[in-house]
Structures are given as structure tokens and as C-alpha cells.
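Shown here is one chain on its own, the form predicted alone, set out as C-alpha cells.
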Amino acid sequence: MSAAATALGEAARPLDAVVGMVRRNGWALALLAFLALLLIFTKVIQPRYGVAGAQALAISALPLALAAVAQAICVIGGGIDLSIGSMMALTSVIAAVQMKGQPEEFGVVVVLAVLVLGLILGAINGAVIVFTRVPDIVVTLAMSFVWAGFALLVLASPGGGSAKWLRDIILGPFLNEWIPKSAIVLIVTVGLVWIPLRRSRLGLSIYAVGSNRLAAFRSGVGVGRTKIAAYALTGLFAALAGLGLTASTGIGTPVPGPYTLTSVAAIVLGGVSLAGGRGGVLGPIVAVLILQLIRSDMTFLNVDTNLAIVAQGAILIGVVMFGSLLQLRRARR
């Protein structure tokens, strides 16, 4: 009997692991299912939607997905960054100006320098918040004007260029025509940074500070250092998003665009709690694809694409209300 019970217990462990994984990532899996249904709907309303559409979707979603990851890290740490779009614009124009007319090898140096710049910009945001104790939303809103102003000083109108190898990284298929290079770049880039971070002491500290700053402080977590590190990582991903923007368009864009507010909508739809301490990056990335696909579907249906902004706002309100109801139910138990 004991041997049989042991065998049953060992057989149940993989099942328990799968059930636990589904519970932890239930929202992201639900979003993936919704994305699949949305793709089917897109194919129904536009039968010609195929390889070209999938490639275009992946390329257009790359900068926004990286911006959403940047926002997710910041919000998980208990903050919010309204300067992501401006940091994207600044890093995009710097990269475009420096790479125009230069040898391909010099583009590697430019990319590395821009990534370091992103870390510095984010760290500045975090340091101002920590040392002045002014709310995150106020500081980052003010810094958005600072970074946007610098972007316009570097390049007053869209221009510059991109190294050919940088464009080749994200344009076109990878091995199979249905697999966009930009999707592979997104997965590899986020995986190389997020997976080690999530399991590291810094990652745990970011979650701890976002969940309860006082409890994290009493547990020995350096709240100020963690906050600055979270914003530095936000700046790094904003720089990656800026490079993605330059690579996808071939020029630098000094105007921030809608990336900041759309990234907030994506993380909320992706299951990241605005209160901090909860969420991941898979949900926001899937949410970006959903939001981009909704815009495409509106075009196919001859609906004014400006209504996509209205749809994003309605989705944002609906998800926030749903999350609030869930929290009230948990509090009553």
C-alpha cells in the first residue's frame, strides 16, 4: 500500500506543477486565448490576412512591447513612469543621428552607448524620486518634458538613419515565413533580462518594495537603491524600444508619440497591478499584440482608427474595475 501511495504521489507531482503554473499565469493564458480568437476574427473579416499581416503586426508591436515591459518593471516596483515615450524619442534620435552615414561597425558602438544612456536616464528619474520624495507620477511627468526637449534639440524633425544590420535584425522572417524576426528579437531580449532578474535578489526586492515598502525596509531591503535600480531598468527597456523604433522605421523620431499611455493600458490589460508588487511581462506583451490587432481590425472594418484610442480607454477602465472587484471579494473572505 505504501509503495502504491508513493507511486501515486510521484505521478501527481507533475500534475500539481502544471496546475500551479496555470493558476499563476491564468490571466496571461486567458489573454493568449483571446488573442487566438482575435486572430481568427481578423482572418474572417480579412481573408487575405496572412504572412504579410503577421510580419507587420510583429514589427509594429516591437517598440510598444518593449515600452510595456519597461512600464511593467516600474509599476511592479511600486512606481509609474510617464517619461517612457520621451526617453524612447531621445534614444531613437541619438541613435539615428549617430548612425547616419557611418560604417556598419560603428553602429554597434552606438547601440551599446544608447543602452547605457537609457540606464542613466532611468537612474536619474529614480534618483530624483528617491531624494526629493516627490511622487513618481509628478517627477516622471516633469522629466518627460525634459527628455522630449533634449530629443528636439538633437533632431528637430524626423530624420537620421539606421545601420543596415540593425534593420536586418527585425525585418523579415526567421527560418519560417510565419516567424517574424522581430518576435524572436523581443523574446530573446526580454528573456535575457527578465528571467535572470525575476529570480535574482534585485528582482525579489523590486516585488517586495512594490508590495509593501515598509515591510521591505524592515526586512533589510534597500528601498531607495531598489527604486533607482527599477527605474534604471525601465530606462534600459525604453532605450531598447527607441532602438526598435529606429530600426523599424529607418529614421529617428523626436516626437514621443502615444507609447507612454498605451504602455500603461497594456500593463493593466496584461495583469500588472497598478498598486505594485504583482504581475509579470508576458501578459503586457500579449496585451500589446491585442491592442495592435484591434487597431488593424478597425481598419479592415472601415472604422475610424481614432476610435482605437477610445477602445483602449474603455478596455483600461473595464480591466481596472474588474481588478477592483476581485480585490474586494478577496478582502471580504
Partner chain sequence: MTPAAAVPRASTLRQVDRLFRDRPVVPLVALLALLVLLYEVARPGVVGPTWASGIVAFAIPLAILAGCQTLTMLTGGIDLSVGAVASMAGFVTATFVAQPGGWELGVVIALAAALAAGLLNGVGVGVFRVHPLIMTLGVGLVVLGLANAWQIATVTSSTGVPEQIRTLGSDRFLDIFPYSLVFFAPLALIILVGLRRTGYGRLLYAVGDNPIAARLSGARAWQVLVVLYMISALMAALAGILLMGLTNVASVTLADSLVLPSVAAAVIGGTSIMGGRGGYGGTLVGALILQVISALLTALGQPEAVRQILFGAIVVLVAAAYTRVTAES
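Numbering follows the first chain given and starts at 1. Being a predicted model, the structure only gives us computed values, none of them experimental.
In what follows, reference is made to the form predicted together with the partner chain, a form of this protein that is not presented.
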Quick check for you: of 112-120, 234-242, 88-96, 128-136, which stretch puts a non-hydrogen atom within 4.5 Å of the partner chain in the predicted complex?
128-136
Glu105, Ala163 and Ala183 all contacting the partner chain in the predicted complex, non-hydrogen atom within 4.5 Å
no
To verify the annotation, which of these, Leu35, Leu274, Met298, Ala56, has a non-hydrogen atom within 4.5 Å of the partner chain in the predicted complex?
Leu274
Single option in Ala148, Ile251, Val193, Leu171 placed near the partner chain in the predicted complex, where near means a heavy atom within 4.5 Å:
Ala148
Residue-level question: is Ile187 within 4.5 Å of the partner chain in the predicted complex, judged on heavy atoms?
no
Any chance Met143 has a heavy atom within 4.5 Å of the partner chain in the predicted complex?
yes
Partner contact for Val268 in the predicted complex: the partner chain, 4.5 angstroms, heavy atom
yes
Ile179: touches the partner chain in the predicted complex, heavy atom cutoff 4.5 angstroms
no
Partner contacts in the predicted complex for 55-88 (non-hydrogen atom within 4.5 angstroms of the partner chain):
Ile80
